[in-house]
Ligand SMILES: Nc1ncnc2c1ncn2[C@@H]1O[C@H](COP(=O)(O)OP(=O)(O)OP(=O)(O)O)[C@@H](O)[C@H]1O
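Consider the single chain below, provided in structure tokens and representing the form predicted alone.
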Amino acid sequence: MIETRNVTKIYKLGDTDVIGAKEINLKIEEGEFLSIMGPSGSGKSTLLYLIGGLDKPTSGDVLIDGVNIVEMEERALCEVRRDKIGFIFQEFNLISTLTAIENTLVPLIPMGVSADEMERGMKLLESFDLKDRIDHLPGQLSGGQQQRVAIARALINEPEIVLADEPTGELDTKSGDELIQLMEEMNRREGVTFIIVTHDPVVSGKTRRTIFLQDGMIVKD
């Protein structure tokens, strides 16, 4: 489903080259529940953003369903991100002036929100125990509730792939455990492929495969 071929990413920091990823070759099958671990600065988030088309490699190829997204024009790449990929971020990235249901529907707004899509958003929030919080603003929700809204937003387009960057980083232990359990259920029930960047061995211990990075390279899989 996902393949990287000799992917390298070099960032310029003044006159210094900083290696974010170095010759990464990786294959991820459909329906995997996978984590990426490594020390700070090892390239975990860089790899996630390259896979999701949020960043382009300096060299190498990234294929999704056999199509090289590195060669795509921005409009086509946006369509891939919209139709195939959901993103979950550590900081939630909810819009403070929008309610839970409105935040959930944000990815659909450019194309217009149908009645069926509105109903799907409501059902997602209800399935995440947010039925009584649908009209609440982010500031009226706990951290765990905000992250569940963020997951609903990531799933509203029924993506095949969900990329999560330290999704439990801002949560307490109980909320973090509930979040990972929720992801496991979505993976098992709907076959969604999850790739989770984490520094927490408890989180990685619940995934079925763990990739370890160091200095931008895979050192263990």
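Residue numbers run from 1 along the displayed sequence. Values in this document were obtained by computation on a predicted structure and should not be read as measured data.
Note that the form predicted together with the ligand isn't included here; everything after this is about it.
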Looking at Gly176, Gly43, Pro159, Pro57 here, can you tell me which has any non-hydrogen atom within 4.5 angstroms of the ligand in the predicted complex?
Gly43
Among 32-40, 148-156, 181-189, 64-72, which stretch has residues whose heavy atoms lie within 4.5 Å of the ligand in the predicted complex?
32-40
Using the partner position in the predicted complex, report whether Phe212 sits within 4.5 Å of the ligand, counting heavy atoms only.
no
So in the predicted complex, does Val18 come within 4.5 Å of the ligand, heavy atom to heavy atom?
yes
With heavy atoms only and a cut-off of 4.5 Å, decide whether Arg208 touches the ligand in the predicted complex.
no
Within 4.5 Å of the ligand in the predicted complex, do Tyr11, Glu166 and His199 each have at least one heavy atom?
yes
